[in-house]
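In the block that follows, a single chain appears as structure tokens, in the form predicted alone.
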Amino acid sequence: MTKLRKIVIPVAGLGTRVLPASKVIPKEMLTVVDKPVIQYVIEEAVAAGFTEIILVTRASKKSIEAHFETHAELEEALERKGKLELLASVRDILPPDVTISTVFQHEPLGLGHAVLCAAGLIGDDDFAVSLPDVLVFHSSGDHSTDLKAVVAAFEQNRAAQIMVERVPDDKVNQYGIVDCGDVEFQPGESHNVIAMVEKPAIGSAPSNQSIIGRYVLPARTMELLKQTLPGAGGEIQLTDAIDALIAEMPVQAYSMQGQTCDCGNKLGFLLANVEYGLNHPEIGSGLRAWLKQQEF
């Protein structure tokens, strides 16, 4: 396996679950406290050691790329006024050794198709996939803790990794669930996947471990995606390619230590703002004090 450098982040979706906010502004550019969602996701990837960010995008989402470009006029104004902390917040978003490339998904043909759009940039390399709707929050403040652990498990175990999170038993019918046999999951552990079940009926789920949108995959996955036929809704599903991968080599589920914030829906987006707001060095104490005063 090659050293992991490349991560695919599909951002071409229409964001219908957060309309009307996403009618003009890409959902990935909606802010959680003071940063757009996509910045958190890319910062997580960079902290985990990825240096080549591949955005699978569409023409109407140029503001995502623009956010990570130099804004000379703004930087000059902040420097002139001595607002150095604000200057650092816009100038130092990405380390100099990190690149962002874009490829286009011209039709919404599924997550598998979006990942396949990046095949030319992935080449024969192993790679990761990170969904921008989902933020991974860790109480330590290092929100890349789980992605770092997934990368380490991939390299140590020589097995593809799917990050999963425990959900309540009465919610399993809302998620993709992994089947790892009779294994008892502990946070931070990886176990071999037998199969994946999409939205199983309550009471029949093989586990309560849901797939959350972080994957580390061998290069072979791209070849399998090329052979994957459209499934539900005429879309090419990444899980179908991973199912085929399971027949060829080990695939493991990594049980995360942190928690997810699903910014792809209105309630999840609001809760993410509260969670990150409470832990923000500038406004955390004020938000906590205000919440304590409220009678809900």
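Counting begins at 1, following the sequence as shown. Under this definition, the rigid core comprises the largest set of C-alpha atoms superposing within 1.5 Å between the forms. The shown structure was predicted, so the numbers you read here are calculated from the model rather than taken from an experiment.
From this point on, the text means the form predicted in complex with a small molecule, which you will not see here.
Within 4.5 Å of any heavy atom of the small molecule in the model of the complex lies no heavy atom of residue 255. The small molecule in the model of the complex comes within 4.5 Å of no heavy atom belonging to residue 154. Residue contact with the small molecule in the model of the complex: residue 199 places a heavy atom within 4.5 Å of it. By the criterion of a heavy atom within 4.5 Å, residue 176 is counted among the residues contacting the small molecule in the model of the complex. Checked against the small molecule in the model of the complex, the residues 116, 129, 211, 160 give one hit for a heavy atom within 4.5 Å, which is 211. Of the listed positions (149, 111, 222, 205), a single one reaches within 4.5 angstroms of the small molecule by any non-hydrogen atom in the model of the complex, namely 111. Comment: 130-138 is the region of 130-138, 98-106, 67-75, 116-124 lying near the small molecule in the model of the complex, near meaning a non-hydrogen atom within 4.5 Å. When two forms of a protein are overlaid on their rigid core, residues whose CA moves 2 Å or more are considered shifted, and residue 81 is not one of them between the shown form and the other one. With the core held fixed, the Cα of residue 173 is displaced between the shown form and the other one by 2 Å or more. When the rigid core is held fixed, the Cα atom of residue 226 travels less than 2 angstroms between the shown form and the other one.
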